[in-house]
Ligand SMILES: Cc1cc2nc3c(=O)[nH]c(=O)nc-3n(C[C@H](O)[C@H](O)[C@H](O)COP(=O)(O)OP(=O)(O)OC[C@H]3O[C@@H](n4cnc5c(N)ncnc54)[C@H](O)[C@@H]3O)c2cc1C
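To begin, one chain is listed below as structure tokens, in the form predicted alone.
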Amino acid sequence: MQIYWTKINKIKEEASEVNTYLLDCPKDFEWEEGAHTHLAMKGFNAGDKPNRSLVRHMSISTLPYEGSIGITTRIKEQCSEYKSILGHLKVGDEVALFKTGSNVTLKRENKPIYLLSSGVGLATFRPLVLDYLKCTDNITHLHSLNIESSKQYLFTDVFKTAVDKQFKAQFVGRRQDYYEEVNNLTENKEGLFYIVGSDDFLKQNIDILLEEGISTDQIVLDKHPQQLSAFI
């Protein structure tokens, strides 16, 4: 397993309790839209066995052409040891990256794609939207629906409706409004539905989709193949 040690070059406040950590790109480090990685704090591999409390599975919220590896996460006042350490890091501090891959790349199958997310889960979809806006080939249209109860919506510079690109960005603050919109989206029985959020959020969305006649092969989750059976 290759471990890439890299430094924080910028910390950007996206909203209250939400930061993006922009990291230098190590030589030979590659990723694509929808990528995840393991982000580790110093000391995670100091002992005989890795200290798993200093490692988290994180989405990468940027694309390679942006020049930095972006990790967007929410850090609350009451948080885990890991998030507390992350919250105290500064520009120039080192972190480690390893086991990078993607389960949610854009499927260009001449079908509409619906991106369903909750809160900071939107970070996973930011690169997909950028990739789509750069090249819309073989996707009939793209629609992002995000629920954020605080109404501090993220990445509004990217998630803004572009009629000429067949892209719609939609934010809602109430759960009831969100699920009504999901039901509306299922009227298109040919669509692909990407879902990112907590496990409960995934299950609630999947239940609605299946009830409305969407098949399991139209549902895309940010999960490893061996984890999918727990959801669909």
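Start at 1 with the first residue shown and count on from there. In this text the structure is predicted, and so the values were computed from the model without any measurement.
Although it is not shown, the form predicted in complex with this ligand is what the next lines describe.
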(message) Please tell me whether the candidate spot formed by Phe155, Gln170 and Arg174 is one where all three residues come within 4.5 Å of this ligand in the predicted bound form (heavy atoms).
(response) no
(request) State yes or no: in the predicted bound form, is some non-hydrogen atom of Asp222 no more than 4.5 angstroms from a non-hydrogen atom of this ligand? (result) yes
(message) Does any part of Ser118 reach within 4.5 Å of this ligand in the predicted bound form? Heavy atoms only, please.
(response) no
(message) Test of understanding: in the predicted bound form, would Lys107 fall inside 4.5 Å of this ligand by heavy atoms?
(response) no
(request) Indicate whether Thr72 is a 4.5 Å heavy atom neighbour of this ligand in the predicted bound form. (result) yes
(request) Go through Leu130, Leu89, Ala162, Cys79 and name the one with a heavy atom inside 4.5 Å of this ligand in the predicted bound form. (result) Cys79
(request) Given that the partner is absent here, state which listed stretch (56-64, 203-211, 187-195, 40-48) has heavy atoms within 4.5 Å of this ligand in the predicted bound form. (result) 56-64
(request) Select from 24-48 the residues with a non-hydrogen atom within 4.5 Å of this ligand in the predicted bound form and write them out in sequence order. (result) His36
